[in-house]
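Shown next as C-alpha cells: one chain only, the form predicted on its own.
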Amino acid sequence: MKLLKDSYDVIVVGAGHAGVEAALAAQRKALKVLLLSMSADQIATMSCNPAVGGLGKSQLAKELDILGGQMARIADQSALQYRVLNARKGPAVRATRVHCDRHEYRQRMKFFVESQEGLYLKQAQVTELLFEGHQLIGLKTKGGQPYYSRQIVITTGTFMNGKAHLGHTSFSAGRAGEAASVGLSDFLSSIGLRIRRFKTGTVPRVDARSIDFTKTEEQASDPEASSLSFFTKERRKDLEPAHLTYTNPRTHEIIRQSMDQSPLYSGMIESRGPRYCPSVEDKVLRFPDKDRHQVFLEREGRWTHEVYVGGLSTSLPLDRQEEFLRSIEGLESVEIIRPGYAIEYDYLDSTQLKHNLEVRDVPGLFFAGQVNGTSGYEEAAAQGLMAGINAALRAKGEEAFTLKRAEAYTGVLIDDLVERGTEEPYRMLSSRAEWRLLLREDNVDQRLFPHAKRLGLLSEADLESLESRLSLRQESMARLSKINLKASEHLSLFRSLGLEPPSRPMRFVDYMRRPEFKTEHLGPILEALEEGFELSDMDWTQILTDLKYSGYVKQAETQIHQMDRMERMKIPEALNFGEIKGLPIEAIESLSKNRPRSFFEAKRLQGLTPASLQVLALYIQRERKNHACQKA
C-alpha cells in the first residue's frame, strides 16, 4: 500500500475501555495510531457500574497494569472507595475493587489519550472496511471519509445495531442517549463473518438528595486495601462510603405483577443475557424463596448527586421502576434521574479469531472487547491491550504475543473465547482459571515482568521500579531463609501475639508457613529478632502466600507440565465416554458427539473444561497402564 494522506500504522474503531487500551498499546510501540469514536466526549465511559476490579476482574486490571495498560492507574486517580472482596477466603480468590468517580475517570482517560504524541483521536462512525483484492487496506466512515491502514482493531462494544428497551418501548441506541452504530455489522456479515446477538442491561440512577441514608448500612472504604496499580505511589485521601439496603417481599411482589410489561418476558427480547449479572426480574423469578436481595448505593462522582443502584438491573417501564424502588427501605421518596434499560447488540462469534485476536480469514483485522461477546470493563480492556499489542507487532513485522492459561487470567479469557466461544455474555470468574493459585492478584508483577520488559510498553522509570521491587523481594526472601528461631527465645512475645512458640529450633520461614501466622505478626517478631526489612504490605503478603502455598504451587506447576504433554495424547477411537466416573454430562455429550482423536482436538470442544480434560487424561492413562500389566 502506498503511503497515502490519512494513512496510519494502526486504526482503532471505538474508544471504550478496549479501544483506548488498544490505541495506547500501539502508540507506545512508536507507531502512528488513529482512534475513531462516534463521540469524542465519551472516552472510556463507564456505562454500567462505576467501578474497576472485583472478583476475577482485579487480576485482569493488574495484569493490564504490569504489561503497560492505563486502566488501573486512572482508577486509582479517580477513586472514591476501595474494598477487598473475599478477604476471609484463600489468596487465589481475593480481589480489590475500586469504586470510581465515573466522570473523573472518563475525563482523565480522555485527556491522557489526547496528550499522547502520535495518537490521533477523531470523531466518526465507521460503516465499512476497504480491501485491495483480499488485502485489508483501510476503512470508510459514514461521511464517506477513507482512512488507510493494514491493521484495524474493532472495539465497538454494544453499539453495533444496538437497540434499547424500556418496558414496551424500544429504540435504536448504542447506549442511552447515544446513537447505535449502523452499517458496520451488516458489512462484516457481507464478508463472511459470523455475527450474533446478545442482550445486557443496566440499573436506574437516582438522586442522592431523595435517599434517606440513615435507613441504610454504611460501607466505609477498606483501609487494608492496596492500590489497584502497582505504580500508584499514594492513595487518595478524599474517599467516601457506599451504602447498602435490601429489597423485600413487597418489592418482589411489585416486580412479579409487572412481568407482562418486561421486554425480557414479553418476547420483545429474544437474545441471551448475562447469567452472572441477572436483572432484578430474573432474580425474583429464579429465586422465589429469597426474601431479599442486596442493593448497593454508590455515588457516580464527587460533583454529581447521581447514585448508582447496584443489583437492580431492569428494563421495566419507568413507573414500575419508580414503584418498586420506593418499596425499598431508604428509597421511599426516591427520584429517578435515569431509568434502567436493556440493550440488544451484535457481536462477533469469537471462535473466528486467533489467539492474537486477529480474524483467521481476514489478516490484519482484530476484534477486542464486548464486541467479542464479553461483559465488563476489565475483560474489554485486557482484550484491547492484547489486540493493540498484536496489531502493532504485525505492523512492525514481528511475531505475535499471546499469554497461556497458566500465565495470566488474560490468557484464560482469550483462550476461552477463541477455543470455546460463548453462548452468553462472558464474565471472568476465578473458577474459570484452573491455575488460579498461580494467578493471584498479589503476584502479577512477578509472573508478568519478563513479558513487560520484552514488550517495552512501560517507561524506563516504571521498569526500573518493578525490577528493583522484585530484586528487593528476592533478597528479602533469601535473608528470611537464614533466620533461625530457638525454642527458648521470646516465649512471651509469641504468646502475646496468640501464637504457639516453636517447640524446637527451626527456620523462621518454616514457622511462617503455619496456618495461624499472619502478616501482622511479622513486625513485632522481626523487631525482637533485630531484623529490619524495607518491604511493603503487598510484598509481605506475597512472600507469606508463596511460603504457605509452596507445596500446592509446585503441584500445580507439575500438573501444567503434564497438561502440556497431555495435549499430544491420542484418544482411543472406541472409548465409551459414559463409563468415565467424574466426567460431567455436558462433557460426555460433547465428546460422544464429536469423537475427538486427540486432546488437542478435545480441548477445543464446547463443554470441555480443563478439569474435565484432566479426568479424561487420568482415565486413559490408567486404562493403558492396566492394559500393559495384562499383557505382561
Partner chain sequence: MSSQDCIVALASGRAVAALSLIRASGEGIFEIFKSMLQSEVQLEPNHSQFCRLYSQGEPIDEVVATYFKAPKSFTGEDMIEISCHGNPLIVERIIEEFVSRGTRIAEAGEFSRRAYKNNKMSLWDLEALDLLMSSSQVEGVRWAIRSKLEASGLRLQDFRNRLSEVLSQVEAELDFPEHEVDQGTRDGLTKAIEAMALELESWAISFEKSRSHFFSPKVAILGPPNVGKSSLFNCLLGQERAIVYNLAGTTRDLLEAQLRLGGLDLCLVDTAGLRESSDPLERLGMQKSLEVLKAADLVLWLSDQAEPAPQSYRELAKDSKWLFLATKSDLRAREQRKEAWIYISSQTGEGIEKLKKELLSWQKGRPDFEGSLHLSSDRQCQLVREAQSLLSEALDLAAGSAELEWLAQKLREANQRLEPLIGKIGHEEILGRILSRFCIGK
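Positions refer to the first chain, counted from 1. Note that the structure is a prediction, hence the values are computed from the model and not measured. We call the rigid core whatever largest set of C-alpha positions still superposes within 1.5 Å between the two forms.
What comes next is about the form predicted in complex with its partner chain, which is not displayed.
With the partner removed from view, the residue among 344, 434, 300, 539 that has a non-hydrogen atom within 4.5 Å of its partner chain in the model of the complex turns out to be 434. This chain lacks the partner; the member of 131, 171, 111, 552 within 4.5 angstroms of its partner chain in the model of the complex by a non-hydrogen atom is 552. Among heavy atoms of residue 585, some come within 4.5 Å of its partner chain in the model of the complex. Residue contact with its partner chain in the model of the complex: residue 248 places no heavy atom within 4.5 Å of it. Taking non-hydrogen atoms only, residue 92 approaches its partner chain to within 4.5 angstroms in the model of the complex. In the model of the complex, residue 459 stays away from its partner chain, with no heavy atom inside 4.5 Å. Note that among 575-583, 33-41, 592-600, 63-71, the stretch whose heavy atoms approach its partner chain to within 4.5 Å in the model of the complex is 575-583. Residues of 66-87 lying near its partner chain in the model of the complex, listed in sequence order, are 85, 86, the criterion being any heavy atom within 4.5 Å.
A movement of the C-alpha atom of residue 48 falling short of 2 angstroms is seen between the shown form and the other one when the two forms are aligned on their rigid core. Put the two forms on the same core and the Cα of residue 559 is off by 2 Å or more between the shown form and the other one.
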